[in-house]
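Before any questions on binding or motion, here is one chain by itself as structure tokens, the form predicted on its own.
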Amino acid sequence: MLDRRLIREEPEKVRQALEKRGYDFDLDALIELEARRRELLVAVENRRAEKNSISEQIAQTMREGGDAEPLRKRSSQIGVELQAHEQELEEVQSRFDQMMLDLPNIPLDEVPVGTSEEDNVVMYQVGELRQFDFTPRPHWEIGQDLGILDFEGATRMAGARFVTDVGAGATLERALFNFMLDTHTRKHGYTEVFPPFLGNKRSLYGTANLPKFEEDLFKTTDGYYLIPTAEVPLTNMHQDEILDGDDLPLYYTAYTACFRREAGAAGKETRGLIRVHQFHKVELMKFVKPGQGSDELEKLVKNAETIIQALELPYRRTHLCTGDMGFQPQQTFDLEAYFPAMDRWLELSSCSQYGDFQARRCNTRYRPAPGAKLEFVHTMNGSGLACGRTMAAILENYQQENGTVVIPEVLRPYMGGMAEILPPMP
């Protein structure tokens, strides 16, 4: 969440940020609540101090044999006023806290202003688009014909928008996340984590998935949530902790399954591996000092790009505009691969920095130096990469006219030397 001082001291900065995002939010109501909250805090403190003072006066009067009844009546009256102020403060604080949770992050000045994905800025493109001498087929057809993607079976065992990897399909996806983890841990300096795939409500609030995106989450009957991304456990690894400034930045990477209802995605890429309820992803996560954000985010994006480059997939980097950027980030860069059969650029990685927006929710702080005042860390994360989408991009870009799919060379050691996925034997 935002620093409440911004509401009090720089309301126009917040208002301009909301306008850039095109976000409907009653900032004036929040400003009024903050003003009333502070008034009530002063009133409560004054009433408590006055009540304590009168208690001392009562004791002194009784020691001196005087009449303390008027003081007792005044103390009782103050007690009633204090109770009323405390009750109103609790109500105002609750409403204020709820509105603060609904307030999005403030975009950095360099984020392009726009209203939709049409206003995103393509920064550069890497790799030539393959020129096919046959009509390329979509990845779901390729996967079904090769017997490596089973959509019908997954629908029977779970429901729509699930998929089962079979044989070389399962091996290919496993090869992808093992290659990604090896690259990020051995070459990029990340510490591997294998976290729980369930999160509690506090953790989902910490990453700002709650309360705004609850409809996109799967919830268990005992109150746990299936994680929508490894961002949730990784961001909460240092929940309520005070980190040593000398240890920052911290780099983490994790492979997890991810679960999303995709409630707001009706009609968008509903076929194939693009929008499914369960998918697998390797996440990159950093805890950094204030002032390190942009440099560290650039490194993180480059780390994700390394994977796409090694797979020799054509891709582009896009700077998301204020209207297309998520609720939580200050800034987001997407890495999009080209899908020839779909004739579309689709995201394989989304890399964002959040400033202290998530750290405030998670209460993750650090001490810059011995004896120094505590500060909130800054967080960032990105996909390094989404495995299912990356597999889909490989199937479409490496398909052959005879129905086979060539395995990218970098993945072959992870697939027992397999160079090509062949159709099943008749």
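For clarity, a rigid core is taken as the largest C-alpha set superposing within 1.5 Å between two forms. From a predicted model like this one, the values you see are computed outputs, not experimental measurements. Note that residue numbering begins at 1 and tracks the sequence as displayed.
Heads up, the form predicted together with the RNA isn't pictured, but that's what we're talking about next.
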query: Contact residue in the predicted complex, from T191, Q309, S76, S294 (heavy atom within 4.5 Å of the RNA); finding: S76
query: One residue of K302, R316, R72, R271 in contact with the RNA, assessed in the predicted complex (non-hydrogen atom, 4.5 angstroms); finding: R72
query: Among 43 to 51, 381 to 389, 25 to 33, 397 to 405, the region lying within 4.5 Å of the RNA in the predicted complex by heavy atom distance; finding: 43 to 51
query: is_contact(P370, the RNA) in the predicted complex, heavy atom dist at most 4.5 Å; finding: yes
query: 4.5 Å heavy atom contact, A158 to the RNA in the predicted complex; finding: no
query: The RNA contact at T61 in the predicted complex, heavy atom, 4.5 Å; finding: no
query: 4.5 angstroms heavy atom contact with the RNA in the predicted complex for I242; finding: yes
query: Contacts with the RNA in the predicted complex, stretch 121 to 149 (heavy atom within 4.5 Å); finding: none
query: L27: Cα shift of 2 Å or greater between this form and the one not shown (core-aligned); finding: no
query: Threshold 2 Å Cα movement between this form and the one not shown for S75, core superposed; finding: yes
